[in-house]
Ligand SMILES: Nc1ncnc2c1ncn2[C@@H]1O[C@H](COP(=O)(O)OP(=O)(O)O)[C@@H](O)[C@H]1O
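Presented below, as structure tokens, is a lone chain in the form predicted alone.
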């Protein structure tokens, strides 16, 4: 790593700029956490710098390259790093848009500790920072024929701008008129298997020799669009989602009786007797798990469709004002990325430079990360950015000179 090792000493700050490295030829930062020093940065192509991760172990004097989960930031013209709660590093990309400036490298969060146990290697994970919050996704499960698809369609029809579906992945070939990214994300088996191992899927299953699954990114994309994601998955899939990092509302739809469910399945007339018997067998197991396992937050009985639908809306707190409130919370603050940063109680003070009429002026912003939620391998939501006067009397412990 060139000259980097000569800079490390016991009396340096926890976060500092390493500077140019003769081997990497790129701008890097180093963050000390216990016996490890996380070096973030990489080689330059002349205009942008990649954001790679290496770890220096002070006890052994050796370097290692951890397994990196999540989607890493795109190359940029440089970055700054701030350690937060000794579990994640806030990365501020220079010359980036407000929607892409803040990223988190998780190094010791609960998700990272769990992945280390599973993979038995050093792990770090990237998570994109997003301003504001998004409503919890909704996981709706129930046996085939219970009417959950009809309930979801009614929600989508009445609240078209509020809800959205995550597009599932599959390794099977597209059928006639199926479009990639619309009906499914069609992918190669080797690619999907790797992404499942990398923790990028909430749930997955093998069906008739093909893989199907719901990726975390597919759910986050719906939230990025300002919509509340609905996941229509079976009980086994819901169980996988429950133990994942996704904070969701779990709803189980059940029939008034097993006999009524069988009646509805046969009334559809779309399956052979063998298929009906298979669905009924699966339904018995799903009903038993759905009612007794504590997996679901709410259980709704679909005896009368309209009554059940009204109960679903009430459960979700749907009213006329909710949609407007949600859309308002998704607005971004259009603020530039700063040239220097310092941390103060989960609030990062950013100094920005702006050129106006040939003159360079300095503006100050606070990036507040005190209420962040979520994290790798999905988004980290809840950051806030606003302009301040850092020299106002008493503000942030900085007083104007008299």
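Only a predicted model underlies this, so the values are computations on that prediction, with no experimental measurement involved. Positions refer to the first chain, counted from 1.
This next part talks about the form predicted in complex with the named molecule, which is not shown.
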Exercise. Considering the named molecule in the model of the complex, which of 90, 146, 125, 219 comes within 4.5 Å of it through any heavy atom?
Worked result: 146
For this session: Note which of 259, 188, 304, 288 lies within 4.5 Å of the named molecule in the model of the complex, where distance is taken over heavy atoms; exactly one does.
Result: 304
Exercise. Taking the partner as it appears in the model of the complex, which of 115-123, 94-102, 149-157, 243-251 has residues with heavy atoms within 4.5 Å of the named molecule?
Worked result: 149-157
Exercise. Are any of the heavy atoms in residue 268 no more than 4.5 Å from a heavy atom of the named molecule in the model of the complex?
Worked result: yes
For this session: Check whether residue 264 has any heavy atom within 4.5 Å of a heavy atom of the named molecule in the model of the complex, and answer yes or no.
Result: yes
